[in-house]
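Quick heads-up: it's one chain on its own, the form predicted alone, in structure tokens.
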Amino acid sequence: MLNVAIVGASGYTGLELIRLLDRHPEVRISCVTSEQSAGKRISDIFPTLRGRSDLLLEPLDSTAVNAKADLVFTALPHQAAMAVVPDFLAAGKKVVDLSADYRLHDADVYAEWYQPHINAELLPEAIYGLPELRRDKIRTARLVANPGCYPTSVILGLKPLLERRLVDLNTIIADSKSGTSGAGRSAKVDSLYCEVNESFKAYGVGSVHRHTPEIEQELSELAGQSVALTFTPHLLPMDRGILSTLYAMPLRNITAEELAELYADTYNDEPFVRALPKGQFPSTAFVRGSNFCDIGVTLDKHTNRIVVVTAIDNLVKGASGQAIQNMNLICDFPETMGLEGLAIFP
């Protein structure tokens, strides 16, 4: 039985980790931490866990965590994670970090978008944890940087096109919409009910959202050359889910049938990516609560533009589910273990 700790367990990603790990047959949650809620039961913070997980939330002490866990999920804000991850690694623990602290390979780029990195020496060994890209490297990693939710939806949507060099790299546009849980659980004016309800807005307009360099880093690696895109996120008045619509101009004549076949062939053996048949497009409703990414693709004949639509649950494939998928790979469990659940619909 693998003992795992969830550091930062009182947020939405922490709750989702607990919900999913509750049905994992090879895992025992041995430690949960929270600075704001230390001393309370996790089931007092999230009554959905009552009778299933009543662990006491502890203040974060890396020595105490190391004594109880074999693997650590760090579900902390950026900067807070990098302050403790080295302690876990030094104690021989495997770490899956859900913050942005180890996703960017270049410390200067991280400093430009966040703040100076305090242990940049770990960046070269941190593996970007998108299994559909780096499954083999994840298996042998001691530090996995779990991808962001928007990047997951965009990278998986564009992967087949970039690998086959099918699109003009100067024409890529990502238009993404997310439910409000993507903003986290802490109180913010922009995510208050009266601010979000009956509203739909863009934010981070002009490719200034912090996920931009993460997306460009991974797209550039897929393309084998530098990629810049226009990325615009939007906030939807719903709890969870991300729908991304991606646009690019093809470099040769291609049909909608060929595109559908390309995506089907690319993702045929992927357990959590479902390439939809020609003419079908995803909905967040059909991935809610699941670890699936659904993808539809077509050619807009009017403009000769390729259009790709992806849907994920931002808290599952976009965060905690993907983190467990990475844990399964690290620990040599079946990759789908604990993640077999279907979407919750309606």
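Keep in mind it's a predicted model, so treat the numbers as computed, not measured. Start at 1 with the first residue shown and count on from there.
Another form, the form predicted together with a further copy of the same chain, is not on view; read the next lines as being about it.
Colleague: Can H234 be called a contact residue for a further copy of the same chain in the model of the complex at 4.5 Å between heavy atoms?
Modeller: Yes, H234 sits close enough to a further copy of the same chain in the model of the complex that at least one of its heavy atoms falls within 4.5 Å.
Colleague: Answer for V27 alone: is it within 4.5 Å of a further copy of the same chain in the model of the complex, judged on heavy atom distances?
Modeller: Flag for V27 set to no.
Colleague: Does a further copy of the same chain come within 4.5 Å of any heavy atom of K94 in the model of the complex?
Modeller: Contact check for K94: no, nothing within 4.5 Å of a further copy of the same chain in the model of the complex.
Colleague: Using 4.5 Å between non-hydrogen atoms, is I118 touching a further copy of the same chain in the model of the complex?
Modeller: Result no; I118 lies far from a further copy of the same chain in the model of the complex.
Colleague: Which of 158-166, 269-277, 131-139, 74-82 has heavy atoms within 4.5 Å of a further copy of the same chain in the model of the complex?
Modeller: Correct option: 269-277.
Colleague: Looking in the model of the complex, is a further copy of the same chain within 4.5 angstroms of a heavy atom from every one of D54, N66 and K317?
Modeller: Not a single listed residue reaches a further copy of the same chain in the model of the complex, so no.
Colleague: Quick one: name the residues from 308-346 with any non-hydrogen atom within 4.5 angstroms of a further copy of the same chain in the model of the complex.
Modeller: In sequence order, V309, L315, E340, G341, L342, A343, I344, F345, P346 come within 4.5 Å of the partner.
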